[in-house]
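Take a look at this single chain in structure tokens; it is the form predicted on its own.
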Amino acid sequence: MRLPSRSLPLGTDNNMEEKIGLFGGTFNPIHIGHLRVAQEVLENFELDKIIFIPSALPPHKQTHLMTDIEDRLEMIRLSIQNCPESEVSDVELRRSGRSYTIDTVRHFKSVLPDANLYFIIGMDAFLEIDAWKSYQDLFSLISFIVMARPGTGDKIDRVMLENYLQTRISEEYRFSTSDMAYVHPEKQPVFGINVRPLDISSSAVRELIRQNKSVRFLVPQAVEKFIKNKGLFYGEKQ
């Protein structure tokens, strides 16, 4: 059984409060796939804004393979400069130490106390969330929008998602057909969305650059120019 794409968020959000999606990741570099899924989530959930949040020191990544966060921030800025519904945040750059999602969510809960916040995440990453710091607290603080991603199939597997939630997070999570979400009496809802399966990855973009091949149409033109001008990724080794 597959979870269909949603067009409306949970009924409790049908008010005038701002609805904001938090989209975290390394964005090393940001590419068309990131931008396209963000647009689809924005439209399907009728969000007012999506905030891109590049990780400074992600706990589950090899940081020596990442370019400086200042460059990753600038590439995001260049990518969304003509997108009024998108912003980029340097909150994880300004915070010392490892970049934990729980700290980022608490930050936005404090600075945007009246907004309805949604954490946007791929299915592959979501299925490892029980290894994250204070992951149970995350489910109490913020709703999740889980995206199908290339490599995990182009459809959200409702049975797999429900099994994961009930065995790893809380057995009280149940799928609600009226809300089209997994709901819990005390935690925030978890939504699923089938996004367009553009099979593009940052690692593939970097590999093309290392081979001195074009990344045209895989990244925005302004990002391609920025990468060339700064010589990013050319001398990298895996």
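All residue numbers are counted from 1 along the displayed sequence. Here the structure is a predicted model, which means the values were calculated and not measured.
What comes next is about the form predicted together with a small molecule, which is not displayed.
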property	result
Answer option from 51, 37, 180, 209, heavy atom within 4.5 Å of the small molecule in the model of the complex	37
Contacting member of 130, 74, 90, 124, with respect to the small molecule in the model of the complex [4.5 Å, heavy atom]	124
Heavy atom contact within 4.5 Å of the small molecule in the model of the complex, the stretch among 209-217, 39-47, 181-189, 195-203	195-203
Residue contact check: residue 147 to the small molecule in the model of the complex, 4.5 Å heavy atom	yes
is_contact(residue 67, the small molecule) in the model of the complex, heavy atom dist at most 4.5 Å	no
Contact of residue 173 with the small molecule in the model of the complex (heavy atom, 4.5 Å)	no
Distance check, residue 21 to the small molecule in the model of the complex, heavy atom within 4.5 Å	no
